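Below, in structure tokens: the form predicted on its own, a single chain.
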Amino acid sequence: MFTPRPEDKFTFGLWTVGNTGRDPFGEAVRAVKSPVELVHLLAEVGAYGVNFHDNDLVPIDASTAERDCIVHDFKAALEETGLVVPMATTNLFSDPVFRDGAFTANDARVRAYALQKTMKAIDLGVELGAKVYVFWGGREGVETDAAKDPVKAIQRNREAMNFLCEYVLDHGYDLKLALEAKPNEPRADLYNPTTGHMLAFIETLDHPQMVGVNPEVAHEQMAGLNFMHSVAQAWEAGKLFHIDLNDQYPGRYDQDLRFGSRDIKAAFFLVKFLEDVGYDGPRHFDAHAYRTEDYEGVKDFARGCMRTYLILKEKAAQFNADAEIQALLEEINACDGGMDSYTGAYSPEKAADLRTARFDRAALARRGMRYERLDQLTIDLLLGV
């Protein structure tokens, strides 16, 4: 019943199902699998697509011949399984050269290398069919504000994004760019830490129409924010180009938990929003299996992400069809038209009428909103009672 289909557009990164379980306190617990093996694993669990950082697929020091051989084999695996590549990105955080950032690094040679690396990675993504290119500035920040002028950092980041937009246009690529925010980790403080920051930054670019956002559940919830609100802001602005789904306990390190495994109500309202507004982009799961798992457990993890999304999609349809819930919503939002003359666009006449209007403030304050009942009905629905 909750079996994924291609039209669900469920995708995973090579770095997600390929995560070996290594963490700052322990070595890997799963053997490394090749990109081709991971494509077949994703096909087995019913995924629609696979995404990658450049060096998830091609090692950073690979020769041209090695690169071409790897890409040839990867393309063959895609053709054999039917998986697609909707999104690609660049790793500008793992190699020691990026220890002070990439586009915001103080060393101009590092900034130039970051641009070179990204251009080549964009070429690779387009070659494999990507339509969205994501930028996560994992090292674009500081441990001490003595090290960098934050205004210069903003300007350097803008210069890099303008350069790369021009590169995409110059090559005629059918590609949208999406910026991904995160408040901290692996650096103490990262620039543009939330989706709202990214939306404001985009409007300062030379080609803002090309650039949107890729919000991630965990990155907003790390800071205790309501992720669905960030997604709604991005959607309303026409900037929700991609989305990363996982789960997270607020205030902790970036956990990348299986989607819906921590805050089921938040996951429900997120899925409901995406389905209600008709978001038709990939549902990308940027998460990984527990360190306790072998690769059978990794498959359980991947199936679980997709299954939970589909269950919550059905719950959203039930919410929209529930007679009592909808009656409550209609009551809460009831409007007899009496305020129509005061709302909408401004006019001097409307403002003058509103200034003299009389409101029964005490009566308005006494009105109960029935939100407790509405929320409990939501809980009942989610718990299946």
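Bear in mind the structure is a predicted one, so any value in this text is a computation, not a measurement. Numbering starts at 1 and follows the sequence shown.
The same protein also exists as the form predicted in complex with D-gluconic acid; that form is not shown, yet it is the one meant from here on.
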Taking heavy atoms only, is Phe74 within 4.5 angstroms of D-gluconic acid in the model of the complex? no
Heavy atoms within 4.5 Å of D-gluconic acid in the model of the complex: does Arg283 have any? no
Partner proximity in the model of the complex: Asp244 to D-gluconic acid, non-hydrogen atom cutoff 4.5 Å: yes
Taking D-gluconic acid as it sits in the model of the complex, is Asp95 near enough to touch it, meaning that at least one heavy atom pair lies within 4.5 angstroms? no
State the residue from Asp254, Asp300, Glu159, Asp263 whose non-hydrogen atoms include one within 4.5 Å of D-gluconic acid in the model of the complex. Asp254
Can you pick the one in Val134, Leu164, Ile202, Met306 that has a heavy atom within 4.5 Å of D-gluconic acid in the model of the complex? Val134
Residue stretch of 194-202, 271-279, 134-142, 96-104 approaching D-gluconic acid in the model of the complex, non-hydrogen atom distance within 4.5 Å: 134-142
Three-residue site Trp15, His53 and Lys182 fully in contact with D-gluconic acid in the model of the complex at 4.5 Å by heavy atom: yes
Using a 4.5 Å cut-off on heavy atoms, what residues in 198-235 are near D-gluconic acid in the model of the complex? Glu216, His219
